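First comes one chain, alone, set out as structure tokens in the form predicted alone.
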Amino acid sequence: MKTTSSAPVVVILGASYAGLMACARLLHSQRALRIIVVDGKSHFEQKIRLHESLTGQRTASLALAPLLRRRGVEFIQAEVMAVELASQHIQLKDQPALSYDYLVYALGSVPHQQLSGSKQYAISLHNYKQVSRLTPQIKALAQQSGHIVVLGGGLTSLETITELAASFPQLKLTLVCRQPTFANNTMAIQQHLDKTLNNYGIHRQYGQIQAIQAKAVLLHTGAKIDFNLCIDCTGMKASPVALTSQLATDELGRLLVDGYLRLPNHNNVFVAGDAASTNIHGEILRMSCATAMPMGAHVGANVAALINGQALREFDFGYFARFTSLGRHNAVTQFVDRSDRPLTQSATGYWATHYKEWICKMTIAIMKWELLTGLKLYYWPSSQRTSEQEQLE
């Protein structure tokens, strides 16, 4: 597809948290732009609610084409195959190539599934279509008191296994992880997590996973855990398009960027979200919507500034809290400093549940209303204050 407009053409690859925020901020450009958003899905999906979708719950989504059309943004539903930086072309599956003047690469992440046997014998939480197909199988297993094993010691595994336990108490559930502590939490939060898992009747098995077989997980200790269904929540990696395009990435496939979130040696290419290896004061930001949204907004503003002949700003970001749901009526909130280190402040139960639900609703509402109204509604903390003492002053 050849661009014919005299206005600069900005192509955004990916219409998730980072891509849509970039689009919203690009619409503030002083110059007329032709903005094209490309995504393989027709709807924006809340990845942070996929564990809810897995149990058959309805979660909000946004139809991309009509939403973007209202602001004069073009939407192409297509799978991105490769990025050709030299010719400034995007190769799409079963569609003509797309050319650009400026590129925002925000293709996000996919499940890593690096364990031996994971791709053959385990499932992961990838998108709504994929997890919704699993719901009937899970309901059938619940009726038979079947056994589901969830792998991983991070927030995704906790949210997944507790959602399953709350929705289907008949299931036998086992969480397999390396150690009994989760996500660098304080003792108070760890005790609440232990109590919650015990109340749900969730068994925990600690140890390093050696392999996943057709109906069993093998540990290096020699232990064998039989299952009816295995869910691998052991990690994420960036979309493989960057590697396919032979671009410079880190070990998780994330593109290496400078302080402006720009691809080195390519001043018209910016990267946001899980696709970017972003360094703040020596720390690489973790993959999450909490980092994707500010990166997307910052990239959109920087691309607009570049087009308008204005100075670019370096990206700055600081963490605030980690919100973890434990079923629909339980949650934990671990407040953290700007570098994601846990503080003594935390919340559980009623308030944590409402904090978590508000965050989930906010992520989709902010993007929708920024796109519809053109107002800047989303802001994020900087990295400047990092210690607990500084926050208490």
Ligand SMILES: Cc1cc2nc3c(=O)[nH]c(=O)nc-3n(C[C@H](O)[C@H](O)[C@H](O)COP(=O)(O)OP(=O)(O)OC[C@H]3O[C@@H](n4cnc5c(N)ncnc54)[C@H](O)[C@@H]3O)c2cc1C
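Numbers for residues come from their place in the sequence shown, where the first is 1. Note that this is a predicted model, so its numbers are computed, not measured.
Another form exists, predicted together with the ligand; not displayed. Remarks below refer to it.
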#### Entry: Proximity to the ligand in the predicted complex (heavy atom, within 4.5 Å), stretch among 144-152, 298-306, 237-245, 185-193
237-245
### Message
I'd like to know whether residue 278 contacts the ligand in the predicted complex, with contact meaning heavy atoms within 4.5 angstroms.
### Response
no
### Query
Is residue 138 close to the ligand in the predicted complex, meaning a heavy atom pair under 4.5 Å apart or at it?
no
#### Entry: Interface membership of residue 79, the ligand in the predicted complex, 4.5 Å heavy atom rule
yes
### Task
May I ask you to state whether residue 128 is within 4.5 Å of the ligand in the predicted complex, using heavy atom distances?
no
### Query
Looking at 88, 288, 174, 210, which is the one with a non-hydrogen atom within 4.5 Å of the ligand in the predicted complex?
288
### One residue of 228, 249, 167, 109 in contact with the ligand, assessed in the predicted complex (non-hydrogen atom, 4.5 angstroms)
109
### Message
Can you list, in sequence order, the residues from 41-72 that come within 4.5 Å of the ligand in the predicted complex, counting heavy atoms only?
### Response
41, 47, 48, 50, 51
